[in-house]
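Next comes just one chain, in structure tokens: the form predicted on its own.
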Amino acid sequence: MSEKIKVVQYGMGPVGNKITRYLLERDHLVLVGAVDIDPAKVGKDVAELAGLPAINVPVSNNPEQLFRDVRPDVVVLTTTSDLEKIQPQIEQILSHGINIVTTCEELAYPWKTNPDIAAAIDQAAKSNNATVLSTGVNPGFMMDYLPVTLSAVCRNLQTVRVDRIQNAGERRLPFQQKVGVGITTDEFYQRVADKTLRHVGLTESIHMIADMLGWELSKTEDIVEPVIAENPVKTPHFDIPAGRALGVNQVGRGYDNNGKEIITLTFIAALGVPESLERIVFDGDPGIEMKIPGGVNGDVATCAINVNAIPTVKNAGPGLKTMVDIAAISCF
């Protein structure tokens, strides 16, 4: 790849900072700008925010001016999981004819869950000759793209089950807090109702799998429950009485027109999980069980796939794309 791809990192939270580190490792990419609205970050050097030596690229709170000044090829957008909230940011970036790679989970496969917003973003991308892709460890790979790809060796397929199970005790404190470790069941269900405690994207993953397999679904469901401590649990961060949450057990299901459950996606992240793993199980010909012992580090994987997607997105045709629409992404 002779010509370097110019990239702006938009959103300087923990994921944005990690992506910055990965961007700066790649010889074929050049980080030309960064955006955040946090006054404490504006004006700071983007590399220093990521814990690296300064590169003389300050964080801006004026994306319009920045895009005109540096003319990036791709923006990596890591601001929110909420599609309605991120839509204006996406359309602003597209108005400059800039390609987008984003971690917004609700955009991973939005054609069934948010068809109006999906169509608007697709039209904006095509009108400005730019590409938009949302990806991550999940949605975007482990629980949708990977099983879809694995199904290529099947003569027929009756059911798909995907399990992503994580011992939250091995993850950083913000992740443990995110999945509800230590809170009461009342607080857990209130946060579920407020949509602040859930793994975003299971329904989008179900629809990606079903559409790619040619399966018509009569309904989907996404059930979020706490994993409850049967006995007191003490950790470096928590002193948890029996009866409180150790984490989350979330199950997404897709049903065919006869009411049969044909897609089951299970996400468990909790303290005390015996084994972290990724598992795909097919009832078909051949029947398949694929397991990744220890699982895949979600933070590393999400940041890596967004960086690795940049060349593919730059060279894809215009429009809103999903992982099943574009050429295969690899570590480059």
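Throughout, we count residues from 1 along the sequence that is shown. These figures come from a predicted structure and were not determined experimentally.
One more form of this protein should be noted, the form predicted in complex with another copy of the chain, which is absent from this view; the next part is about it.
Shown here without its partner, the chain carries 15, 100 and 109, none of which come within 4.5 Å of another copy of the chain in the predicted bound form through any heavy atom. For the residues 228, 120, 212, 192, the 4.5 Å heavy atom test against another copy of the chain in the predicted bound form is passed only by 212. Only one of 288, 70, 55, 42 comes within 4.5 Å of another copy of the chain in the predicted bound form through a heavy atom, and that residue is 288. Within this chain, residue 3 is remote from the site of another copy of the chain in the predicted bound form, having no heavy atom within 4.5 Å. In the predicted bound form, at least one heavy atom of residue 324 sits within 4.5 Å of another copy of the chain. Within this chain, residue 156 lines the site of another copy of the chain in the predicted bound form, having a heavy atom no more than 4.5 Å away. Contact check for residue 305: a heavy atom falls within 4.5 Å of another copy of the chain in the predicted bound form.
The stretch among 59-67, 23-31, 262-270, 42-50 whose residues place heavy atoms within 4.5 Å of another copy of the chain in the predicted bound form is 23-31. Residues 293, 296, 300, 301, 304, 305, 308 are the ones in 293-310 with at least one heavy atom within 4.5 Å of another copy of the chain in the predicted bound form, listed in sequence order.
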